[in-house]
Structures are given as C-alpha cells and as structure tokens.
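Let's start with one chain on its own, the form predicted alone, as structure tokens.
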Amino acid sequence: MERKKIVDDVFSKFNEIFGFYPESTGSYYMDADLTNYIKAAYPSVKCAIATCWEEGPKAYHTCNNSWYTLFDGGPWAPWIPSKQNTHAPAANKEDSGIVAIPHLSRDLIACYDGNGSNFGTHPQNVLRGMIYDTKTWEFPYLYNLIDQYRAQEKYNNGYAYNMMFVGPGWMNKMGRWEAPYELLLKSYSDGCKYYGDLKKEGKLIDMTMAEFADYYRTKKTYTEPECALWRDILYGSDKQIFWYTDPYMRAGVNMDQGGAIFDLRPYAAKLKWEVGIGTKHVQDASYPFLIQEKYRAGYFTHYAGEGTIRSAKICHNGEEVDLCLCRTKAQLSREGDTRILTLHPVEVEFCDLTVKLQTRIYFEEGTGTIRIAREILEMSNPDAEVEINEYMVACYGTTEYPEDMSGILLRCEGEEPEEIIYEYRCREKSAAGAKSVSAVIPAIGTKVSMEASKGAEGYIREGYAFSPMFTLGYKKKVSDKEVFETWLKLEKAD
C-alpha cells in the first residue's frame, strides 16, 4: 500500500539524517495493519500516537464538514493495542509490540457530548471553545482539566497520564488560527508553565514517548483496566460519569441517568477493521458500538421507538419508572480484580408506594462481564412487591445512520429455547427462568448476552424499520431488602 511506502520513505530519511531509526512515531489514526508493519520493519519503535478520543461524526459536523477521518470508540488513555484492531487493547502477549497514546487528552464529558476539538489539553482547543477569560487571558479550565486527569491516579494504582500537544507550528505568525497570535502564544506558554510548576513541586514526571512506553510496560498488566470517574468542570452541572476500558470492552456509565450504560464497545470481538485507500473503510476507523446515546438517541427519545441504553425499569400496579430519570452520584472502589461503582440510593415514587433502591455495578477484570445488582433498601409498605425490568436496547454502527440488522440472531435459552432471526417485524419472545438471553451480530463478530439471578423471566425483542434496535432483558418480582442481579457479557461470536 502507499502508506507503507510513505513509512519507508520517512523512516529511511530519518535514519539517513540521524544515523538510527526512531523509537516513536504517530498519525491521526494507525490501523492494526499499519502498526504491525511498522513494528516488524522497524523494531526500534515502541510507542506511537495511534488515534484520538471521539473524533467521529460530531467532529465532522462541527468542523464544517472538512474533517473526513472518523475514529470514535477508542481508549482515552494509553493502552497496548491488539494485533487485530488498534482501538482494542491486547488481552495477552499477542499484542502489536507498541504502546499507543491518544493524540490529545480530552474532557471525558464535554468531548463526548459535543465537539472534541473544543475540549482538550491542547491550548488551541481551549481557545477554539472560547473557554478562557477574555479580559485577562487566563485559562482556569485548562488547569482544571489537567488536574482532573491527575486525580484519576486514585482509580488506577497511583498512575495517571496526561499530555499537552505542543509544536512550534502552533506558535508562529503564519498560521490560520482562531485567535490573535499574542493570545495563542500566551496560552501555550502558560500551559507549559503549569506543567513545569507541577514538575518542580514533584507532582509529575515528564517523559519522552519511548521512556513512557518502557514505564507503561512495567506498570500495567494486559487485563488491568483503565478507569475514570469524571465530573463536569465546564458547565457547572453536577453531572458525573464513569468510563471503563479493558481488552474486552469500553463502557460509559452516566450517574445523571441512574447509572445507565450509555456507551458500549465490544472489544472482545477484536474486530479486524482495515482503514484507508483500497480497504472497505476509506475514512471510517471507528470501533463499532452496541450502545451509543448520541448516535442512537439513548433513553431520551422524541418518537415512539427506543434508543440504545442499558438501564432498568421499576414497575408497580401499572406504573413504570425508568432509572434513567433518577439522578445520582457514585464512588469507585476495588475488591481484588473487581472495580465496584456504588451509586447513591435513589427513591422511586408511585401513587401508593415509595421505593428506596441502590445500584452497584461490578466490572470483573479479565472476564468481559459487567454485573449489576439492584438492592431494595426500603419500601413505604414492607409487604409490597415491585417488578424490576433489567433491559438492554442495542444495535451496531459507527455513525448516526442505521446499519442493516437483518440476520442478527436473538436467543432466549430455557427449557424450550426461543429465537428470533432479525427481520424488522417487532416480534418478542420470553421464557420463565431463562438461563440467558443473547444476540449474535455477524457483521461485527460479536455476541452479547445477559444472565440473571434465579426466578427471573428472560425476553428478547426485535425492532422495526423506524426503531432498528434489539432488546435483551429480564423481569423479576422483588420485595423489601431483596437484591436482583444481572450479568452482561461480551464475547467474540466466531
């Protein structure tokens, strides 16, 4: 391919001038095929800028349709890419041979909700987003963003990564930038000074890319996840989200929606996804989602269908309340290899009953499994019963536009298994005491399944043309002080 010729040309020129080959490289996006080639041809390379975080259709639209490379769905922090897919972290020593870093460190709420080019530790992002004091030219948001990244060490074994993209080209007078030269220069100078002061105080260590790759290899294991408990530092809201990534998945949990999973990427499939001229994906390098609330509406929809989300409904005497409507907060803890997101209790009010419920979400390292426990802490009538409907509405895709769902196999495992081959007919099947409910999605080589504690009714549902989703779920009657648990598992289908 032409890109391999370009690599050879550039690396040869580097060797010709410096007398050795580089230890680091990078591009806006490097697919696994290119990464594997570079490592094989130039084994000195140990670190690469391999993608960025959430540069997809949102960036395309907000850059006046002038940005054509789409690569949503990757990690926001360094990772070791698999040989099969750059986005998906390696699960074992069959890795790409490099440590990958994102092009920028983004705001993990504002970037997902809006245009990533406005919200990052690249000072030009901050200027582009007008997130500074226009009178004093001070940059408190930039410093808060850096500090919030530093705070993630609490959740990642005392380690946190952050970078600021700086190059002399951004500080010359010849550029076509969105701010006066003097402001541009000050933003970079002040940003570098903030990092420098932290270094003098012993609060950070600066490394070259190659040095960092060596450090990362000794610090992290393959299955160890990256976790981020993130709060809004821009808009003054109380919004809090949690991000989790490991070799099997990337998941986002929104406490503003009662702990709903609003983004889910099935890394377990290690989907081979070649990108560039001569491949099936000329521009679209995104890792496909099963759940994505921005491209598939999430819970808050304006039509009769459903958007993608993983949540629960609490039902009583014909009334129904979705936990997506219950705002809360959470703390993150760890027990062995399991990260536990413990949400503050919420109260669900019906006409004749108030239910106090607490959710705990368990991310079990090395399993591709998320366990969710709903505990009834208190009821205004201790003798009452409520039904908990644990559900996942999902599909697959990389943009706002629906893919062909035909042929997806929905299955409900019970004494008499039920299945639906997706044909957009809005069919539903169920089984009492179902062992599992699942969907196999051939287009992305993924199997997603749910299991539940005993006594629950499992169900599967296909959608229709104007709501092209599928639903997996379990329903169970619970009483005061009882706990209902479900397990969500991601696997490679083939």
Partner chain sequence: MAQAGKGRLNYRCPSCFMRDLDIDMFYDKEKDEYYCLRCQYTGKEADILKDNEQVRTKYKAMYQRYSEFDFE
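Quantities reported herein were computed from a predicted structural model and do not represent experimental measurements. Positions refer to the first chain, counted from 1.
Here the subject shifts to the form predicted together with the partner chain, a form of this protein not shown in this document.
In the predicted complex, the partner chain lies within 4.5 Å of some heavy atom of Gly236. Among heavy atoms of Val393, none comes within 4.5 Å of the partner chain in the predicted complex. Though the partner is left out of this view, Thr62 does reach within 4.5 Å of the partner chain in the predicted complex, counting heavy atoms only. Taking non-hydrogen atoms only, Trp177 approaches the partner chain to within 4.5 angstroms in the predicted complex.
Stretch-level contact check against the partner chain in the predicted complex with heavy atoms at 4.5 Å: of 360-368, 293-301, 152-160, 306-314, the positive one is 152-160. The partner is absent here, but in the predicted complex a heavy atom of Arg231, alone among Lys199, Arg231, Arg327, Arg217, sits within 4.5 Å of the partner chain. Note on contacts: among Gln84, Thr342, Asn115, Asn389, the single residue with a heavy atom within 4.5 Å of the partner chain in the predicted complex is Asn115.
Annotation: in the predicted complex, residues Phe165, Gly169 and Ser189 none come within 4.5 Å of the partner chain through any heavy atom.
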